[in-house]
Every structure is written in C-alpha cells, then in structure tokens.
Ligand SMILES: O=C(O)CCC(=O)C(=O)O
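First, one chain by itself: the form predicted alone, in structure tokens.
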Amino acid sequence: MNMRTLTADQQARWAIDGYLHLEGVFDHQEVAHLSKAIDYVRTQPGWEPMSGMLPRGHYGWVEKCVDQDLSGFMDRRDILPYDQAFVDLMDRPEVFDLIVDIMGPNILFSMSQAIVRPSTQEFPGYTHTDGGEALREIRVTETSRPLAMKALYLLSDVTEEDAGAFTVYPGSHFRPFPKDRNPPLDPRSPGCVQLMGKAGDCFLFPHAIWHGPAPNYSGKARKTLLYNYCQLFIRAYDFGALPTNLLENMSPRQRRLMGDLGHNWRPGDYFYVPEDQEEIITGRAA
C-alpha cells in the first residue's frame, strides 16, 4: 500500500511550528455519529479524573460521568470499548499515514480520550506538555522523530477567540518547559496562539509542545477526541497490560498498535520490534 506522506509545506510547518492542521478529516455524518457516541459514553462506567481524590493526571473508575448534562464537563479515557468508530479511528488513513511518516513504523497506540469543555466563566484554561514529569524533561532535536504525539479531532466548530480553542506556543517543542515561571504560563501569555477549526478538522502535535485549552466563553460546549501515539518502547497511558478483550474484532495493524506482537511477552519485546513490524504498520499485511 502507498501511504500518504507530508507535503514539503507540512514538513516545514511541523519542523518550525510543531503542529499541523488537517481540514475536513470527518464529514458531517461522521461528526454527528462520534458526537452521539461521546454522549453515550457519559452515561457509562469508565475512567474519569477524580478531583480531590487522585493526583492530577490520574484517573479513577466511576459508574458514570458526574455531570450528565450533554454540554457539561467530561474527560473520559480509554474510550475504544464504547464504539467501533473509536477503534477504527486508530488508523484512519488520512491522519495515521502522516503520523507514521512523522514517527516511523515502530509505534504504539497509547491513549484515547474524549473531552467536553463547557462554556463557563470559571475555567481560565491552562498550558502544559504531555507525558508527565519525566517526559517533560526529555526533548528531541529538529531532526529526530518525536517520542510521542497526538491527533486532536474537533467535533465542534471553534471559529472565534475564547471558545475553548486548542492553544499552542509555536516552536516551543524545542525549548525547556518553564515549570517554575511566575505567573504560570497560560493561554493568554505572550506567544500563545488559539487555533481555529471546524468540526471534522484534526490537529497533530508532539508531546513536547506547550499547549492546552483556552477558556470557553462562547455559550456552547466544545467536544474533542484525542488519540496518542508513542514509540514502541514507551509505556502506554491507558492500559497496564494488553487489552485482550478488544483484539478480537481488530485488524492486524490495530492489534499491533495495541501492543499485540503475536506471541507471549519475552525480554526484549517492544525495544526490539518484530520482523514484520513495518509490513504490519504500513498495511501491507492487513
């Protein structure tokens, strides 16, 4: 199979700015289906942040989302079990091909997340890097493949300032994170850019770029999906062991992305890749 690759302009934008904007990945029907799927997830058991009970960045098991208002806040992790469309999005060619071009074929799918950010005067937005304290300190050069990156899919139009937009500091993936800065870096600090987009668009960005949500004063909730990919030797965010319950209905490539190497674990796995890794990931063995 011939996979898509970055254009020359995309290569330059990725290297210099640290993100890409892919327009119209989903059509209106797909946006509607995925949006309804997120509404369903809200009513089901799953992993959610537990404010005041668990440290930031950790998720606990709940019977349903605390806020059952479809426009209320939700942050659900590990969403693949809820809808086949979430599974199929793992390797959607228009996006996945470019991820492979950027990261190479030795990758793992490590996180799925559905976020609804309501319109509120209370949330000012925030800025961070991905991967926790350790990965925050590890950066790569402009000629290196990223250690991890995300695809952020908009399921709501974000066409005005302070509507919950995805914000980035272009070029910041090459600079140390100012964790002790006072006042803290936020979506209103100099250099921050609010990225506008339509429902169905996708943004690609590496773990190391400074990013985060802007405040949402628009009167409408903002829905997004986030999918994370990492180099194969990095631990997944969402599962501590291979999620075998999901593998039966997956393609060979999807199973490999979930960490199924085709054999029981043995020392050296994930650091040294299977001989068919590139064939599987590029789809020639699908």
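Here the structure is a predicted model, which means the values were calculated and not measured. Start at 1 and count along the sequence shown; that's the residue number.
Below, we refer to the form predicted together with the ligand, which is not included among the displayed structures.
- Just one of P124, G72, G212, G171 comes within 4.5 Å of the ligand in the model of the complex, counting any heavy atom, and that one is G212.
- Taking a 4.5 Å heavy atom cutoff to the ligand in the model of the complex, the contact residue among M103, L152, M90, L108 is L152.
- Checking 82-90, 204-212, 181-189, 138-146 against the ligand in the model of the complex, the stretch whose residues place heavy atoms within 4.5 Å of it is 204-212.
- When the ligand is considered in the model of the complex, H128 lines it closely, a heavy atom lying within 4.5 Å.
- In the model of the complex, the ligand sits within 4.5 Å of a heavy atom belonging to L226.
- With a 4.5 Å cutoff on heavy atoms, A163 does not count as touching the ligand in the model of the complex; it lies far away.
- Put simply, R222 is close to the ligand in the model of the complex: some heavy atom of it is within 4.5 Å.
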